[in-house]
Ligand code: TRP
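Below, in structure tokens: the form predicted alone, a single chain.
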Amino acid sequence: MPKTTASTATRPRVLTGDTPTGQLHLGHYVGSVRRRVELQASHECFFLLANMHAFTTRADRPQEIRRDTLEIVRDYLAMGIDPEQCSIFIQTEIPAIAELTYLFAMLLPFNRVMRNPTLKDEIQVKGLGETYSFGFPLYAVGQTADILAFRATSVPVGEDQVPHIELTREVARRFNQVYCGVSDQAEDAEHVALGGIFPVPHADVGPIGRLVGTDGKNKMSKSLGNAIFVTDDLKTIRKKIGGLFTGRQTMTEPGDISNALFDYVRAFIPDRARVEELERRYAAGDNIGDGHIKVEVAEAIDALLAPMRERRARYEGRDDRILEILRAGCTRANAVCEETLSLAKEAAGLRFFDRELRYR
């Protein structure tokens, strides 16, 4: 049996993605997508549409998931992701991911998966109680396969996803130790040089790891009705920002600039001097109200979204073009993942034959 050798990427490889639960919003943009746009010219970037993960809570609504999968591609393109510089692909078109998920599930104790704080939070926020499917906790293992199938070195994510990346790091270490002979004392950065198949990836969290929603309390989320979308116009943005609770109405002291409103000021007003001025005046109670700042924030968000709305409109009703982009991305993704799977199966004694995948 000829031994497969890992390819050497000329650029650092990045993997990240989204579960198709509807349109992307500003929280996605500042938490991860903006970082992807920054990296796509200098890194080998793969952006995943995790449609199988969407089945963990919506298995009875496959047509919705299919629609949302295509809508996210439109949002990616609107936000500045360039399919000429990166690969956008669909999870269920990459069979190596499912095979690696099954293999990695053998390396993780069930109670370790269930201790994942992001998983526990999702069960609570989504009100799943004890009714969730077996596939729901399995998706946490699947996320490790999403990343390791590409042997990615970094994963741009919001801070809420960091526990998933830590689980991925554990799987990479465990696989390399059990099947590749890497010492459990090895430094993470040394694993591949010591014969490991999988790099131990790190989470790449941007300066705004978590954007609070327009309710002023919870993380921005479509399901909570507190999100601002790429397609929102200025009138809609003003209405949503206008309802942002700051707590100032109940204060007897000057304003607290650690509130949700100033999270938005710092995130979306590009002039740093203006941000500092607003912080100073608000903290000093210098005759500036929430309403004035909310108008300024809404206009700044609209200025950010206006070119995105224009770009997105070019792809409305163009499912043919979206599918062309996805076919090309899936072809490139499969080439990488099939190589990874072959290496992993050989290391684990599971590889007997070569295979080749192609789309018809």
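Note that the coordinates shown come from a computational prediction; the quantities given were computed from them, not determined experimentally. One rule holds for the numbers: they count along the sequence shown, beginning at 1.
Another form exists, predicted together with tryptophan (TRP); not displayed. Remarks below refer to it.
- Considering tryptophan (TRP) in the predicted complex, the lone stretch of 205 to 213, 257 to 265, 136 to 144, 284 to 292 in range is 136 to 144 [heavy atom distance within 4.5 Å].
- Residues Glu99, Cys337 and Ser342 are none of them found to lie within 4.5 Å of tryptophan (TRP) in the predicted complex, as judged by heavy atom distances.
- The shortest heavy atom separation between Ile228 and tryptophan (TRP) in the predicted complex exceeds 4.5 Å.
- Taking the partner from the other structure, tryptophan (TRP) in the predicted complex has no heavy atom within 4.5 Å of any heavy atom of Cys45.
- Looking at Ala50, you'd find a heavy atom of it within 4.5 angstroms of tryptophan (TRP) in the predicted complex.
- Taking the partner from elsewhere, Leu15 is found to have a heavy atom lying within 4.5 Å of tryptophan (TRP) in the predicted complex.
- Of the residues given (Leu278, Val182, Met79, Val157), Val157 alone sits with a heavy atom within 4.5 Å of tryptophan (TRP) in the predicted complex.
- Exactly one listed residue, out of Thr246, Gln161, Thr92, Gln177, brings a non-hydrogen atom to within 4.5 Å of tryptophan (TRP) in the predicted complex: Gln161.
- Along 206 to 227, a non-hydrogen atom within 4.5 Å of tryptophan (TRP) in the predicted complex is carried by no residue at all.
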